[in-house]
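Consider the single chain below, provided in structure tokens and representing the form predicted on its own.
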């Protein structure tokens, strides 16, 4: 049973019914697949590997499957070398999903976020449990643990394990992964992280042995020279500021990315940089891909980045951190952004 300590210190966010269903599913399954969204970020990797380590302590046979490769600065995470990347080995990923008795879907709300892995997951016969903190969860899973008010899916994984009475089974490897997910999905605890219980969880992870300073260094201070030069280029040449809308935009073409030897993850966090400019509350980063424009949106205060993402680019996410895509040219996506800014002026907290 959950210790008295955790009954007192952490609120019961996840309902008892969902705890029971998840516990029952775990007890009945031996082969467990854990899947996350395309272009896995820190929360996807942290929640997946945290759950993977927990399942290992239960003497299960878990496997983490990701649609596409993850950035090199997550390769240090315990268990990362065991992750199966679908784009590199579709046959193995498909076979593992077909053989799975239980599938956990983490850190995404709808199957399209799995890209090329979606069909294999949907066609797999295993029971599916969705654990996520994004709005509007789909109906593809039999159990849906969806709490958008929670800062990260990694935090949900910690809460789930504790509510199932297994806090003692969170070993150092699992704790490091969970902490990484919580840290990265809050920008180093600089947004969506003002709730007291987040720091209760961090305290417990540190007691397990997590070195938060070393994890920060591994994630944020091990970038390549090419990335730093690309960042400088973005700020000097590619950032456009719209002071009347308290907004900023950064764009990068494929040719520009190639010029700086772009690797997966090299533009991680670029969208946040203009928010450090006085008077800027909304930023957008557009990166040209082979078949689409990837769009990241960030805001501070009450400006609804998720509404802008949804209304303008068919995306979504959280109030201050969202994403979307455009299947037009980069120039057309920029035009769409600029034409939409006046429509959102009422959401700005403008000074008199």
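Note that the structure is a prediction, hence the values are computed from the model and not measured. Positions refer to the first chain, counted from 1.
FYI, the form predicted together with a small molecule isn't displayed, but the following is about it.
- Not displayed here, the small molecule is approached by residue 315 to within 4.5 Å at the level of heavy atoms in the predicted complex.
- By the criterion of a heavy atom within 4.5 Å, residue 29 is excluded from the residues contacting the small molecule in the predicted complex.
- Although the partner is absent here, residue 60 sits far enough away that none of its heavy atoms falls within 4.5 Å of the small molecule in the predicted complex.
- Using a 4.5 angstroms limit between non-hydrogen atoms, residue 323 touches the small molecule in the predicted complex.
- Within 4.5 Å of the small molecule in the predicted complex, a heavy atom is found for all three of 113, 134 and 298.
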